[in-house]
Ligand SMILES: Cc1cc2nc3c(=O)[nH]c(=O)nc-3n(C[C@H](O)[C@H](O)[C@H](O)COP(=O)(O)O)c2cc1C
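Given as structure tokens, the chain that follows is alone and in the form predicted on its own.
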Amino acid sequence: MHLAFDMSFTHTDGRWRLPGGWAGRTFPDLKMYAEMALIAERARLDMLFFGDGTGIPDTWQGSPDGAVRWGVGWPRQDMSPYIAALAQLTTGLGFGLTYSSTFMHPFYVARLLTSLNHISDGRIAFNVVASSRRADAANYGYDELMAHDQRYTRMNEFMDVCLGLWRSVTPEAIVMDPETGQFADPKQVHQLHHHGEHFDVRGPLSAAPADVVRPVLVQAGASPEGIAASAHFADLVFAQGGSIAAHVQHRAALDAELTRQGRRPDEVGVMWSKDVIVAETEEVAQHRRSQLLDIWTPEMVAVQLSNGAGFDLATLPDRFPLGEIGERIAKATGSKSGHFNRLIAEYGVDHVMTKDELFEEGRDRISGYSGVMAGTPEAIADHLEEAFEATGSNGGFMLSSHGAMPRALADIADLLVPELQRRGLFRREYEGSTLAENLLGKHMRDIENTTLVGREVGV
């Protein structure tokens, strides 16, 4: 199996004050990330993964004050400069970077990721997201959210443009003949001439071609439109946690869509999100799990739940049927709330809940308390092994931890990874030098030639 560590929220949501965290260092100190990168490489993890959002949560009571007051989903940096620095400290570890296809322009993103692939010697993954939060949209000049289906239409076109740009300058383009003085072969540089619904891009890409043609492409949509987008371009799918039965269902839907789009299901692995706290004893693990509830104030819960739903939960009546509120949220945002979907699946559409009950239940979930796997290395390895085998042994896990950093990551490296290695489930050394070779088991040119060749993207 493959393992990555999700760094998206390691510094936010009160985790900075958990016992066992850094002493004398605060976000965004590069030394914090350097320490975690070295821990991850020591354990031979595939990559550090950085999710992102560019707005401060402001849905609760129509203001960012609560998020700012408690550090909920805020602050965030653009992690590309950090990755450039961390790549100089490591040799095998990959790095996953997130940009929004809803707001960003494909030419800028394709050029940036090519530059990072040069700097990292091909150890970059691009997590492609469709954004669904008004706080982000407002920073890019949008008064309203783009409709859900339209976001995925734009995503597919965005990626078609990126793929075309990455192929617009071939690796053989640079000749640098000292005798003639010729620098490059014009026949190996192609204009794109893309004219689509969302983008007009002439091309070619102005960057020098990288030995690794493009980054590994990651996508995390779970809706039918999201799964279709994954099948359209992703090398790897990032899927949310939950039961093994839910994993099997998601894997089956993805396989069916891959087949429909003419791709082989075994070409695309899934990294299942798992939140873990590992300790040498069950008692210590459960004690650290219990600490998660202590750092969440009532206002933090309200801010986070409202931000996740894209709906101001302060406007809810004191009592409400879950199905009715779920429909109100879907109508307001153009997409269903994952949290309310889980509640409806668990309790039913007609179940009546009070606002206080919603926040109390939400506190258990968003703090990680109810969803985290806390236990010994053996117990957690048992679950990962079962889930891995049930979903076809294709992919692995995107591990995160609500525990204190860097201790929680060090416990994964020093306790869980050796147990997985003992079972023959995880590598002891990196197999290749690029992220594609380590994470996908193939050279990126081989992937291009087998999975995406023949797709017309304008070149």
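If you're wondering where the values come from, they're calculated on a predicted model, not measured in any experiment. Sequential numbering from 1, following the sequence displayed.
The form predicted in complex with the ligand is left out here; the points below concern that form.
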| property | result |
| --- | --- |
| In the model of the complex, segment of 261 to 269, 363 to 371, 215 to 223, 192 to 200 with a heavy atom within 4.5 Å of the ligand | 215 to 223 |
| Any non-hydrogen atom of Met398 within 4.5 angstroms of the ligand in the model of the complex | yes |
| Contact of Phe49 with the ligand in the model of the complex (heavy atom, 4.5 Å) | yes |
| Contact flag, His339 vs the ligand in the model of the complex, heavy atom cut 4.5 Å | no |
| Contact test in the model of the complex: Val129 vs the ligand, heavy atoms, 4.5 Å | yes |
| Selected contact from Ser80, Thr297, Ser273, Thr170, since only one has a non-hydrogen atom within 4.5 angstroms of the ligand in the model of the complex | Ser273 |
| Listed residue (Thr281, Thr315, Gln88, Gln240) with a non-hydrogen atom within 4.5 angstroms of the ligand in the model of the complex | Gln240 |
| Residues of 137 to 171 having any heavy atom within 4.5 Å of the ligand in the model of the complex, listed in sequence order | His148, Tyr152 |
